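In structure tokens, the next block holds one chain alone, the form predicted on its own.
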Amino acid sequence: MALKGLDIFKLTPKTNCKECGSPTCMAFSMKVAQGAVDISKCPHMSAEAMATLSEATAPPMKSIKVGTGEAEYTLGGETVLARHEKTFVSKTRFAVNVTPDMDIDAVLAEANKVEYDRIGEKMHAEMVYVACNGDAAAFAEAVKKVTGKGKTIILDCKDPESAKAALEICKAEKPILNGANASNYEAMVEIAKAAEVVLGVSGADINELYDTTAAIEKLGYKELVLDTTGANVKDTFATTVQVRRACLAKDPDRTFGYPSIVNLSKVAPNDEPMQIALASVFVLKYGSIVVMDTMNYARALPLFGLRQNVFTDPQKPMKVEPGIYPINGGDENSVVLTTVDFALTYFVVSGELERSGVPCNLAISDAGGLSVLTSWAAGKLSSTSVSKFIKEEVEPKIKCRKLIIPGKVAVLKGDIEAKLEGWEVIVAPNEAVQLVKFLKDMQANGEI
């Protein structure tokens, strides 16, 4: 059972040192109890108290790290069944399925064509799932081909000797060994322990999956993911949802408190429309890793957009850092445009500015992560805030004295000009899509 704020407070040093960011130890304890702050933020907690609290305040689903470097990802750590209750924590990751009899280089090259930024997030297939077909030598060769490609590797191999040989090739990249089942789990645990990798567990049904996971925990290994893929779509969905509900119920069963793998290449092989539909389902309910035949833009655009919407914390505004962003080679002599720090506004505006080809500087001030009209109505975007930011951050770095403001706050033009001596304030069109023609016309007329 989770500890209450008062229980946590009793174990704190009670110094009210404020080093944790909270004004008092009691305030800190309440935040920890709510899950808003990690207990490790207190620098003066005793080791004994830290161990007690870390266990008691840990989420019912264990957080698992896989991969290395830029391909390191956190799975699990979830605390709620529905996003509106709080927020989801670790976003679904997509894996591309390969087998030794495929042209693996071609499959990866096709998947790697999909790589783009959406609202500051890099969109691409993060993982590669290598399935063993029974030929140990061919499987090892396939693993060699995916090693060093910047993707987290998942090894689908039930044979201990083949798994051991494959791990010798790629264990430095911290892959997932998805190979434990009721018949081989003892051997697979020893292999995973020796290589210090995460172990995937599967079962013929949900009961066998539970029993095998419990047996592995008794052996002292808890770096696990659960392969909830069943014989068909119905079984896969039922198992994946039941596993998540079991570990996040009012009285959680931590035996099922691990991230999940859903392999759509098994339940809907070579069926692209069905895989896209199912992938969208398991982004919502509740795949930590979703394996697909490949990744292309037809798959990526709807799935990555859905994932970003679902895993964005609704309680936190999507913001970009305030500052000056040169676009199209903009320098100190280039015109300055300004808008708010709401991430969607920034990326829409910056995209249109890039499309114009006109060198410019986009100045982003702190508007609380709100849109243009909302921040203006809330007093976050005002003539005072804009002029203050321009004076303090822009004037020392930019020689051009032309400032373009959003068309929807044209009412601020006069006040900003009054507060910015020597600046010419220009009102942009109301819609970002009109910026391309607007800037090109200004450039053609020699106005910038």
Partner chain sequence: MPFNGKSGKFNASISAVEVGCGDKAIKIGGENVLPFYTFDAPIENSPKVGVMISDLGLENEPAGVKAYYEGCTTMADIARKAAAMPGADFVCLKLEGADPNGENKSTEDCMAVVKEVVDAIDAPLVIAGCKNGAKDDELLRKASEVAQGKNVIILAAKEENYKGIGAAAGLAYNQKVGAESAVDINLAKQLNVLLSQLGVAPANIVMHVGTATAGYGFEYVVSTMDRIKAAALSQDDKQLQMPIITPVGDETWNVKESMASEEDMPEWGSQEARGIGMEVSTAASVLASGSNAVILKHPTSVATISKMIKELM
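Each form is matched to the other, and the largest set of C-alpha atoms that superpose within 1.5 Å is called the rigid core. Quick caveat: nothing in here was measured; it's all calculated off a predicted structure. Positions refer to the first chain, counted from 1.
This next part talks about the form predicted together with the partner chain, which is not shown.
- Heavy atoms of every residue among H84, A277 and S280 are located within 4.5 Å of the partner chain in the predicted complex.
- Using a 4.5 angstroms limit between non-hydrogen atoms, Y73 is distant from the partner chain in the predicted complex.
- Looking at Y210, you'd find a heavy atom of it within 4.5 angstroms of the partner chain in the predicted complex.
- Heavy atoms of Q242 reach within 4.5 Å of the partner chain in the predicted complex, making it an interface residue.
- When the partner chain is considered in the predicted complex, T312 lines it closely, a heavy atom lying within 4.5 Å.
- Checking 192-200, 139-147, 285-293, 223-231 against the partner chain in the predicted complex, the stretch whose residues place heavy atoms within 4.5 Å of it is 285-293.
- Think of it this way: in the predicted complex, the partner chain has a heavy atom of just one of A204, A172, L306, L219 within 4.5 Å, and the residue is L306.
- Interface residue among A106, L301, A182, A378 relative to the partner chain in the predicted complex, by the heavy atom within 4.5 Å criterion: L301.
- Contacts to the partner chain in the predicted complex (heavy atom within 4.5 Å) from stretch 331-351: F342, L344, F347.
- Once the rigid core is used as the reference frame, the Cα position of G77 differs between this form and the one not shown by less than 2 Å.
- Fitting the two forms on the rigid core leaves the C-alpha of L353 displaced by at least 2 angstroms between this form and the one not shown.
- Annotation for S371: C-alpha shift of 2 angstroms or more between this form and the one not shown, rigid core superposed.
- The pair S280 and Y346 approaches in the predicted complex: their C-alpha atoms are at least 3 Å nearer to each other than in the form depicted.
- In the predicted complex, the CA atoms of G305 and V320 come closer by at least 3 angstroms compared with the shown structure.
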